[in-house]
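First, one chain by itself: the form predicted alone, in structure tokens.
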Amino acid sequence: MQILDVIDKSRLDRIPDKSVRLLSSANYHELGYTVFHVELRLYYKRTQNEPYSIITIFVETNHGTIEQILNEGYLGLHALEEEAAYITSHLVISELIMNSIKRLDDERRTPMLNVIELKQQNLINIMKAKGFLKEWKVERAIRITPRHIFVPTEYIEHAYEDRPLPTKSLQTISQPSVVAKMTQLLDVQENNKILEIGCGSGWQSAILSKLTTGKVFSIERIPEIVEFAKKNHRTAYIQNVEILQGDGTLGLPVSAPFDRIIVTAACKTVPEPLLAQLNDGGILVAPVGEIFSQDMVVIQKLGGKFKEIKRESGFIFAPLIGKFGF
């Protein structure tokens, strides 16, 4: 059930602005569901006196979302805080949500510090503050793809810092905010088939795998990194990604065309084979420029022609090596 189903249109002129308090982002099981996170949401409409508010509880699960009204009326500016304090008093809501709330209430009374969750939330906050993370579906994909699984053991304590980290064969794992930015620019849709050039630790392709029911192919030229990424994917139970060793500048003609192509290394120009393997209507994202400075370029193919639809400066990636690379 969604909020549009439970708000009577006659009570509000429009669906109002929204503010959110995240109560939990942990994955746990209730009544056969996996609960990804629980939020309090405040929908409000400005009036002459104070906001007219509707407080809802929102739960995202592996079988969809549930949202139910807890309170409505002229609840004041601190409605979310007040509701958080008395949240377990709402016995009319569904058993699934009620169990989730009780679990959260118990955690508040007996705090159990989950260091990874706190670090992940701090990283999410940093990426949002920088303006690199704006879309909820990308945020969710990042939340359910723990970065510490994808970094070498000696760097686990730094996994949730917003900076690149070393990996195998003198390569690096991309900075999280850049991964978020590129993922958003790629605009992945539900059934997209995706090609990634340069698999790194496998974190980027794992995030992409959460955004599509289609297949993700990732090409990496260094055998040691291929094995590292495959191991990480097995640990994270990633099933719709295939990692291949080869020259990424040549693309993957045997599986073309692709709806989305992402290049995670710097190109002088976008390799022609990659453009040729982009499906009509498809999008390609790549850092383009010189070795020490690139623009993030977004190209779309429409009617057989290529159009640059976005360009942002200020990026530095390792050079793309191969027949059509540096």
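Each residue number is its position in the shown sequence, starting from 1. Quick caveat: nothing in here was measured; it's all calculated off a predicted structure.
Below, we turn to the form predicted in complex with a small molecule, even though it does not appear here.
Residues placing heavy atoms within 4.5 Å of the small molecule in the predicted complex fall in a single listed stretch, namely 247-255, out of 134-142, 185-193, 152-160, 247-255. Using a 4.5 Å cutoff between non-hydrogen atoms, residue 225 counts as a contact of the small molecule in the predicted complex. Residue contact check for residue 210: none of its heavy atoms lie within 4.5 Å of the small molecule in the predicted complex. At least one heavy atom of residue 171 is located within 4.5 Å of the small molecule in the predicted complex. Looking at residue 219, you'd find a heavy atom of it within 4.5 angstroms of the small molecule in the predicted complex. Though the small molecule is absent from this view, in the predicted complex it lies within 4.5 Å of a heavy atom of just one residue from 278, 270, 265, 298, which is 265.
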